[in-house]
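Single chain ahead, written as structure tokens, the form predicted alone.
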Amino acid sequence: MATPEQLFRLDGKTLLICGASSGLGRAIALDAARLGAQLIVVARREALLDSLLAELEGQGHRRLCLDLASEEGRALLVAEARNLDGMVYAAGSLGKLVPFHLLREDLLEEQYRANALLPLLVTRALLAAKAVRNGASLVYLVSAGARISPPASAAYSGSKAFLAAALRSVALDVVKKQIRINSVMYGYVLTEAMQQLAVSDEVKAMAPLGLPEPEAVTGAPLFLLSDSGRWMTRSSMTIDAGLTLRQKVGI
């Protein structure tokens, strides 16, 4: 029987982190390395990837600077990322918050491609190449927007809901190989991208527990990657500081 200290260890696991150069992807990569995983970190920004690689604990980590939006980038990923025990797909785009009557077709397509189509294309490519080991855990970061759908977020919230629904079907397709597919539905997290939106005090007040930094909310994906999460698949964990509560909370 595993000791409490061993329950969430990732020793001996090779993990792919897509979107690792900043925000939640970076925070998850740092903690996964501390827990013993060997990482392949992927992003487009080479300098940020190099900075991350220098901070990762442990040995044997690799970085791939590529664009997952291109066929060439996905082909390179499949060629370099093999024998995976897990993946965290943290790449995506906040895009622009635009009232629906002003939402252009190109903006709608851009959000669906970045947040829904590309994660599915990357997953399909890895599975087709048999780059994912039997028993692996694949974790995708979605958004509480898929559930609460705030104003001016039809493209963003819709794309995240699309991905969450599609993943539940993918989970059924791969369960015979004991591959697990789960998502983590985050609320507002103080990532670099979120801070650039200048979140108002009114929005901050919507989360009763406050808005966390990325490094404070890595636990759910790490749990799903570990052997402690081996009985979970086709699920979505909500980490939103109370954002999706349907009632006012008084203290």
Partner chain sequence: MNNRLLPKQSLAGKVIAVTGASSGIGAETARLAAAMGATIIGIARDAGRLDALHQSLPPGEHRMLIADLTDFAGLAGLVRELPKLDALVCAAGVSLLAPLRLLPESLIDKNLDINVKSPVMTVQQCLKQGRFNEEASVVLFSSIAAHTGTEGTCAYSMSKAALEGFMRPAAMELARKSVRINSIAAAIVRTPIFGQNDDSFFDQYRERYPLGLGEPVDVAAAAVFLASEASRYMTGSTIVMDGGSTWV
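Numbering follows the first chain given and starts at 1. For clarity, every value in this text was computed on a predicted model and none was experimentally measured.
The discussion below concerns the form predicted together with the partner chain, not included here.
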| property | result |
| --- | --- |
| Heavy atom of R34 within 4.5 Å of the partner chain in the predicted complex | yes |
| Any non-hydrogen atom of L209 within 4.5 angstroms of the partner chain in the predicted complex | yes |
| Non-hydrogen atom contact T14 with the partner chain in the predicted complex at 4.5 angstroms | no |
| Contact label in the predicted complex: T233 to the partner chain, heavy atom within 4.5 Å | yes |
| Selected contact from A69, L48, A216, L64, since only one has a non-hydrogen atom within 4.5 angstroms of the partner chain in the predicted complex | A216 |
| Contact segment among 175-183, 79-87, 119-127, 100-108, judged by heavy atoms lying within 4.5 Å of the partner chain in the predicted complex | 175-183 |
